[in-house]
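Form predicted alone, single chain, as structure tokens, below.
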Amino acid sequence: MSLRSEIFEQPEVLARLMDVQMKDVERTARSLKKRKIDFIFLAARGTSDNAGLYAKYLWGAYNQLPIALAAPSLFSVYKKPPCLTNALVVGISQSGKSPDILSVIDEANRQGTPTLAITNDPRSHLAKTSEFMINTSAGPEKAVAATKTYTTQLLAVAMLSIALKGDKKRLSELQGLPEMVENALKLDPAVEQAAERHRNMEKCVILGRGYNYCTAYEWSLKLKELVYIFAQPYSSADFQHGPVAVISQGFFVLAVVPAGEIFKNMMGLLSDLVENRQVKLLAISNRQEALSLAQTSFPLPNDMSEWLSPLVSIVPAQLFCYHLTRSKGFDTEKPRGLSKITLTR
């Protein structure tokens, strides 16, 4: 297995996750609805933390649940955990082995709070010590840079959201996801050419907002892990509160701009950056206005809902990172100084 093969496995693993785990997720949702849950307290690191950002927006918007992203050091280092009364405590971890995430789950169990693991290893300590578990069913992931384990975490979050709400319309939309990802993978030749044109890029900002705030963070992480460039993610709103001052002519801006509630706001910012600051814009979008504005663009499916877009928009970003790594002469399988499992305390 290689990074490339795992990127291309994603339609298959996403379809398998829905086919194999949806009934279990629905059973979990029925059990959770019997509990008094006022908010979700979510613990994760790295790529899994970016999946948590998606949960923050999706569970907030569609399930009306406030989401608090944990500071695991309060549990593992300071030993001063907050009160978790009436929370559902969720640990997201590909391996289920990170000690600081486990410390959050262990404390939640001590406080008698319901716990849920979202993990690719159902035999892990995280899975075994959590009251509920969603197995992301991605299969072995050998590449250090996570790809299919990230998109399956996003899908697990979406499946739970739909099950908690009993939303048949969104479930129907979700069933079209594997085909959407398959179509996104067809961009591979165009993405390879675009990566070659960006081989001299050493720094950039990545903009996303709302549901795709997580995409900006995950794209940034992959560029840092694989390509070793300074790639800073921002919400397009936060970016205007000061960081925009760093932008000058020729600066690289990467943006995720799907159709939806954030589109008009983001287009106003991107138009200003292109027209008045002459940035080099790369856009991932399913709106022609954004695709035409950018010097480089990767189109998304036209009929895709905004809430679902992070599971598709990350695919051309993954391909871009893969090809840019190769273009710069780096090893896609062995990022320097990194290992597959990071055990932080």
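For every residue, the number given is its place in the sequence shown, counted from 1. Remember, it's a predicted structure, so these values are computed and weren't measured experimentally.
Missing here is the form predicted in complex with another copy of the chain; even so, the following discussion is about that form.
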query	finding
Site check Ser76, Asp238 and Val246: each within 4.5 Å of another copy of the chain in the model of the complex by heavy atom	yes
Contact residue in the model of the complex, chosen from Leu185, Ile229, Met267, Met133 - any heavy atom within 4.5 Å of another copy of the chain	Ile229
Heavy atom within 4.5 Å of another copy of the chain in the model of the complex - residue from Ser98, Ser161, Thr115, Asn120	Ser98
4.5 angstroms heavy atom contact with another copy of the chain in the model of the complex for Pro140	no
Partner proximity in the model of the complex: Ala190 to another copy of the chain, non-hydrogen atom cutoff 4.5 Å	no
Distance check, Lys36 to another copy of the chain in the model of the complex, heavy atom within 4.5 Å	yes
In the model of the complex, Ala70 touching another copy of the chain (heavy atom, 4.5 Å)	yes
Interface stretch in the model of the complex with another copy of the chain - options 315-323, 51-59, 22-30, 279-287, non-hydrogen atom within 4.5 Å	51-59
Partner contacts for 210-224, taking another copy of the chain in the model of the complex and a 4.5 Å heavy atom cut-off	Gly210, Tyr211, Leu221, Lys224
